[in-house]
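The form predicted alone is given below as one chain in structure tokens.
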Amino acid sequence: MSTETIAIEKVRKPLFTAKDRKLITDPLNDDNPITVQVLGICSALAVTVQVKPALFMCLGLTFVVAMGNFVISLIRNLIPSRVRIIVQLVVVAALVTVVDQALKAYAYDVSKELSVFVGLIITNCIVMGRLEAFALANKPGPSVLDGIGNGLGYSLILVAVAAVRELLGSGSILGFPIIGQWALDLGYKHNGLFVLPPMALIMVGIIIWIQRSKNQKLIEAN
């Protein structure tokens, strides 16, 4: 193969390969961190009463897992195996501190709503799982994509649960009334059960059941 042919092949190489795209798309369905891997359930139960705090939690976790993957991947060959968990915790703690301070500076009300759950990102199984399972064994580019993909998969479930709970529990989405006064005048009442933590667990369970009954890959795996 001539030098010119090699150069042309390099030019034609796509920016994102099929493998790279799978790092983004698989966590949305086939390998979703909440419904398939059953990770990050605590925050799914705690911060999904309303869509707004759920969105901020999703952004925070996606930032932490993507940047955490990037940093750990960069220094993976320098980390002694015996202290790798400690190094991962230090990196994640630093990123969570950035998220926490940014929320306090630019979205203080949301910061108060999320309370300790922002800090608990440090111990979120999704974050630590991706650092341990992917970032320590892969280059920075794919590691970032893996972090973004898992963050989006997490976000998809959280926002879906929060939207249903806020709509049926409070009659609004993002604080904007959806169920009008006319419905209330006709006797409609908001369902207070949807603002309680047990309903989040029930909804996540329903989503897991639907997904596993419809997804052929998951059916074959079971």
Partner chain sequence: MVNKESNSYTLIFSAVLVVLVGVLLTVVFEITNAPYEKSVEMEKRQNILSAALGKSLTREEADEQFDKFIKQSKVYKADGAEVVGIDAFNLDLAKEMKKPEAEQMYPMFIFQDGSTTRYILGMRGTGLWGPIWGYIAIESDLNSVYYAIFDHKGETPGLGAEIKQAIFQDQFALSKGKKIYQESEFRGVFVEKKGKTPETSEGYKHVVNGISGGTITSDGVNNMLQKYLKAFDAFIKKSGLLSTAQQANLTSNVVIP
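Positions refer to the first chain, counted from 1. Given the structure is predicted, the values throughout are model-derived calculations rather than measurements.
Heads up, the form predicted together with the partner chain isn't pictured, but that's what we're talking about next.
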query: For the chain shown here without its partner, which stretch in 171 to 179, 154 to 162, 29 to 37, 45 to 53 has non-hydrogen atoms within 4.5 angstroms of the partner chain in the predicted complex?
result: 45 to 53
message: Just checking whether Lys104 would be counted as a contact of the partner chain in the predicted complex - the rule being heavy atoms within 4.5 angstroms.
response: yes
- request: Please run the contact check for Lys112 against the partner chain in the predicted complex: heavy atoms, 4.5 angstroms, yes or no?
  value: yes
task: May I ask you to check whether Pro80 falls inside a 4.5 Å heavy atom distance of the partner chain in the predicted complex?
output: yes
message: Taking the partner chain as it sits in the predicted complex, is Ala137 in contact with it (heavy atom to heavy atom, 4.5 Å or less)?
response: no
